[in-house]
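So this first bit is one chain, no partners, the form predicted on its own, shown in structure tokens.
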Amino acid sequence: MRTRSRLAALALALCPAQGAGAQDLGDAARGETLFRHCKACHQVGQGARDRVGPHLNNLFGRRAGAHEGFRYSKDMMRAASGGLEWHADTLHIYIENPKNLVSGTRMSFDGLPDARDRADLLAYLRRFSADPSDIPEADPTATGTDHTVDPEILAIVGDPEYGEYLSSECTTCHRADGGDSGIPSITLWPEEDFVIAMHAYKNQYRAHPVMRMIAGRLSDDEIAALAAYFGSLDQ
């Protein structure tokens, strides 16, 4: 209960419009454009699936960490046990800087500092928290990937034990416990997303020079093994 009180006080201090409905939020059309910040990890709309992050249908009014089938970080589950729920007030705080609300969240996102941007994005997301039969069409398959990968490569079944053996180079920068110290977490990703991202570096579609070098040295089987290992880590 003490955690819930602290969250409520923080929400009131930073975003007075507690419990705001869609009509009190922003411009949903503009919010749809801003959703590009979210597409790399989240889907929304009919047919949306969990990817690096959970899908965002029926987000408003949901208890944090309660989306069935998605593996949340321990810190998110602790916040949930303290009473955190997703409403306009708490979402404003979380989107401004996720670590303001859940310090150990795996959500690798710097946040939206502009209050209007947050209001517009929330107005867009609010459209998808209606009765499931009324959830509008969107583009749930847009996950922020910037190229396609041969289906035969995506079909490779990685060996997580081999991935653990290979992982030491990754964990010189990325934390195996899912923490984010300025470098995005790579644990518990869907294996397909991990493989697609690594091949984007391998094929020079993504610009990070170190990641290009590392991915360029890895075979398709080694990338699949790393995907299997980091996708299986428990936090």
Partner chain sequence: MTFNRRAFIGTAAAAMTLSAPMVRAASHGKPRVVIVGGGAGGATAARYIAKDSEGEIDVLLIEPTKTYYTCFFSNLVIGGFRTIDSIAHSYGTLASEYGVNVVHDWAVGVDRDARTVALAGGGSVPYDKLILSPGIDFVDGAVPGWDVTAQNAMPHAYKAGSQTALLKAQVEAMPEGGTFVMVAPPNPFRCPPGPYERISMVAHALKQTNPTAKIIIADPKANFSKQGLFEEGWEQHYAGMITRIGPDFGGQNVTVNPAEMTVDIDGEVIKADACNVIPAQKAGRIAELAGVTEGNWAPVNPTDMSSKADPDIYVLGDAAAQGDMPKSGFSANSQAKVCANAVRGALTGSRVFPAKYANTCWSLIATDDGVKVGAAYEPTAEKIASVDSFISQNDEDAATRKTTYQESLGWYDGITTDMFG
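Quick caveat, the model's predicted, so the values are computed rather than measured. Residue numbers count along the first chain shown, from 1.
Omitted from view is the form predicted together with its partner chain, to which the following refers.
Contact check for residue 160: a non-hydrogen atom falls within 4.5 Å of its partner chain in the predicted bound form. Residue 114 falls outside the set of residues with a heavy atom inside 4.5 Å of its partner chain in the predicted bound form. Among residues of the shown chain, residue 156 is one whose heavy atoms approach its partner chain to within 4.5 Å in the predicted bound form. Contact annotation for residue 96: none of its heavy atoms lies within 4.5 Å of its partner chain in the predicted bound form. If you check its partner chain in the predicted bound form, you find no heavy atom from any of 62, 66 and 105 within 4.5 Å. The partner is not drawn, yet in the predicted bound form one stretch among 54-62, 169-177, 37-45, 190-198 has residues with heavy atoms inside 4.5 Å of its partner chain: 169-177. For the residues 164, 75, 89, 120, the 4.5 Å heavy atom test against its partner chain in the predicted bound form is passed only by 164. Taking its partner chain as positioned in the predicted bound form, the residues of 215-231 that bring a heavy atom within 4.5 Å of it are, in sequence order, 217, 218, 219, 221, 222.
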